[in-house]
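In structure tokens, the next block holds one chain alone, the form predicted alone.
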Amino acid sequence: MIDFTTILEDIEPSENEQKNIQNLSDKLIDIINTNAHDKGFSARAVLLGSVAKNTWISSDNKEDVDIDIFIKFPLSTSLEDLKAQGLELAYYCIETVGGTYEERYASHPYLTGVIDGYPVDLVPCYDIQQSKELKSAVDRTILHTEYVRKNLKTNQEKEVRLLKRFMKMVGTYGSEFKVGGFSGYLCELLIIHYGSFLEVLQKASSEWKPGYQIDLMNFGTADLFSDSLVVVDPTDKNRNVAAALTLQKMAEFRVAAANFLENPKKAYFYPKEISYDLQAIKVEFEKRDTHSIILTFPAPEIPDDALHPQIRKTENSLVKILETGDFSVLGSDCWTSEGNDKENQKVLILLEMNTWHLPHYRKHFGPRVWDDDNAKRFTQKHPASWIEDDQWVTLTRREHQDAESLIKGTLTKRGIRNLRVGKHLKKKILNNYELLNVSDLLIPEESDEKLLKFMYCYLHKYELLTR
């Protein structure tokens, strides 16, 4: 087995990094608490999340370090006062230090922004002591932080960092809908349960199957959940910490863990060097001898955690419509351009077709010959019908002979009724969509590396799971 010392030297925060983060956190907390006192608000800011638990990973990029400041209010505070006073304190704080920010909404509004290059969330919440006092989903973060700080041993902090880093590099870290992977809290609970990074990998690769259960507090409520992995929240017996984990990402982690244990390499803890060559990607699509249809349209200006579920729902519905129309879909995926320029953000849905052109006519099966009344109506409507075994059959003309025609017919004011499309996407699609093929999309002057990475990873789904 490899020596993790040099890896930890790269991913553990230095004393200087820790000092900078702590000083900034203390500064923000002091601004909020002083302002709350001056205004007579019963509120107190505290540091929570991975920084408070000392499980965050060092990075050359400040944007990879999240600072979570929660503004706690007594349970007696009305929700209206919590929202108004919490946001007032948050706005004052971030404007005082000259940060950039935007308002987002979880169970209630909060601010997310950037201060001195670090992402910072300023979140109003209730000061709960146990889960039964829960008034909003964000309140749990208090209990989660306290539980981890009490139960994660000091020498296990490095184990959490190794697990998080490994998951990031194999593409299974992040509980946001776009990823569907493991959350930071879930990683911490796995280390508390199994004891070490290597033990997590060994158990995952040998024991995990859909429905696998972990119940640290022996609450006995694991059977209440039907998710891919069940990890009962030790602070709330009625919550599965792994609810956001998809079966896909659970399976990918299991395979990556087995690959590492079979052939341990330090490379698993560092970005895999991949050349995203535009021309090579084009050639690979051509070799597959399929037909790739790419639907692209402007993204609505909504938060990512609301945008991505709507995109995925639209993608899945398009696949279903195509396959119902007898067009075989080999694969599909979706992507959005990223960055701060929300006004010019694009959505891309890739549909790779095994079958994209069909004959004019298709078989249509009618009633059994013994079903006299329905058989009579069927043969009157279809005089050219015939019998196969004991069933009437006829030919009906297809409305759409090619996949693109069906998609275009679906993306009309009338046809879109058949599409399960997110409400924010519907208007954008109807007003301004394009259908492209791969060669139309992969233009040297317009294809950035993130788009090429998406296309490459679509073609090489196993790439990140091995070294």
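Remember, predicted model here, so these are calculated numbers, not experimental data. Position 1 is the first residue in the sequence shown; the rest follow in order.
What comes next is about the form predicted together with another copy of the chain, which is not displayed.
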{"item": "Contact assignment for another copy of the chain in the model of the complex, among 274, 267, 330, 222, heavy atom within 4.5 Å", "value": "330"}
{"item": "Contact residue in the model of the complex, chosen from 334, 281, 250, 82 - any heavy atom within 4.5 Å of another copy of the chain", "value": "250"}
{"item": "Segment that reaches another copy of the chain in the model of the complex - one of 189-197, 160-168, 203-211, 92-100, heavy atoms within 4.5 Å", "value": "203-211"}
{"item": "Contact test in the model of the complex: residue 359 vs another copy of the chain, heavy atoms, 4.5 Å", "value": "yes"}
{"item": "Touches another copy of the chain in the model of the complex: residue 243 (any heavy atom, 4.5 Å)", "value": "no"}
{"item": "Exercise: residue 401 in contact with another copy of the chain in the model of the complex, heavy atom 4.5 Å", "value": "yes"}
{"item": "Residue 370: touches another copy of the chain in the model of the complex, heavy atom cutoff 4.5 angstroms", "value": "yes"}
{"item": "Residues from 252-288 in contact with another copy of the chain (non-hydrogen atom within 4.5 Å) in the model of the complex", "value": "252, 254, 255, 262, 287, 288"}
